[in-house]
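The chain that follows stands alone, in the form predicted on its own, written as structure tokens.
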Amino acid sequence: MAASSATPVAGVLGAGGPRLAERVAAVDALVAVLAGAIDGPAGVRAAGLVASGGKRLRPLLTLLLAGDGPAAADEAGERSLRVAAAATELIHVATLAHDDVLDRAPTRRGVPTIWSTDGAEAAVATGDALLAAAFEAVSRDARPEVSAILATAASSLAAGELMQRADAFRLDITVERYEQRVIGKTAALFEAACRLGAIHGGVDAELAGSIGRDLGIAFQLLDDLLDIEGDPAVTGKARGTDLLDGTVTLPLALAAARDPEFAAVKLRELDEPAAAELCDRLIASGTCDEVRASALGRVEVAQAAIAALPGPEGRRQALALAARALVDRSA
């Protein structure tokens, strides 16, 4: 996972020891191979998408939860673990291709999206091909439980995305509705990644899943803040992109529930300068600080659960560092 080498994830690899670094490299190579094996233009696009960056946090969580448990006992178990970890990344990248169509996003991480260069049909087909590649690999080389866990996550991802579309441009979103949406569209795959590690590592799957769910919610909260507070030179997109798309995230939902001026904002009429101005107003309102505190609280809950995990201290330390890496989100 070379894309992560300049990030706090590098510290995770150091804490996890040489076995983790070897597994990470093997999974990264497998992700590239599976994407590149897709036939036709979709394969070229998929290969470019998986090579474009990202911290590979989901497969890293799978490997960390597995540790040196039963998966290390034989070649088949190790192969199942690698494929499961790679599949989480392929599914994640597939959702990015689909999201770019829904969001009409011109760039991602500063690079033109498939939607912007080749159109919606190409982007959807590339995402579909990545999903198919993930499930084909899992059906061939992973333990039977892996397919069920990933299928549940994929269904949740779709439901969460549809919920977000249904909520577009609505300023009356409740905290409960927002959290339900986030659990579906983001946290479900983090939870699946941790469950996959747990079943390979002999760890309690419910405890592992709770860790993933809390980290996934924190990840999305902080990602939402990046849209409001982030430096476009770092994030690769203008501030307020979510607002222009009609995606009402928690800072705006909280502000609209408390302040009639925010409740009266006409999102459909925003242009880029107005969206940037609204971001400044949200920062001044204090709701961004409130959301950040909520995200950090989720990370603390996850870290407490990590501390309760059995096994070597190195695994707990590496997982705690991975949790902290979420807080240092920059892209």
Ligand code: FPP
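Keep in mind the model is a prediction, meaning the values are calculated, not measured. Residue positions are given as counts along the sequence shown, with the first one as 1.
This protein has a second form, the form predicted together with farnesyl diphosphate (FPP), left out of what is shown; the following refers to that one.
Although the partner is absent from this view, Ala94 contacts farnesyl diphosphate (FPP) in the predicted bound form, with a non-hydrogen atom inside 4.5 angstroms.
Among heavy atoms of Arg79, none comes within 4.5 Å of farnesyl diphosphate (FPP) in the predicted bound form. A residue is said to contact a partner when one of its heavy atoms sits within 4.5 Å of a partner heavy atom; Lys185 meets this definition for farnesyl diphosphate (FPP) in the predicted bound form. Farnesyl diphosphate (FPP) is not shown here, and in the predicted bound form it never comes within 4.5 Å of any heavy atom of Val111. Think of it this way: in the predicted bound form, farnesyl diphosphate (FPP) has a heavy atom of just one of Ala256, Met163, Ile173, Leu102 within 4.5 Å, and the residue is Leu102.
This chain lacks the partner; the member of Ala154, Ala137, Leu222, Ala205 within 4.5 angstroms of farnesyl diphosphate (FPP) in the predicted bound form by a non-hydrogen atom is Ala154. Not one of Arg177, Arg213 and Ala305 places a heavy atom within 4.5 Å of farnesyl diphosphate (FPP) in the predicted bound form. Listed stretches are 137 to 145, 81 to 89, 256 to 264, 103 to 111; the contact stretch with farnesyl diphosphate (FPP) in the predicted bound form is 103 to 111, by a heavy atom cutoff of 4.5 Å. For the partner-free chain shown, just Leu131 of 113 to 131 comes within 4.5 angstroms of farnesyl diphosphate (FPP) in the predicted bound form, judged by any non-hydrogen atom.
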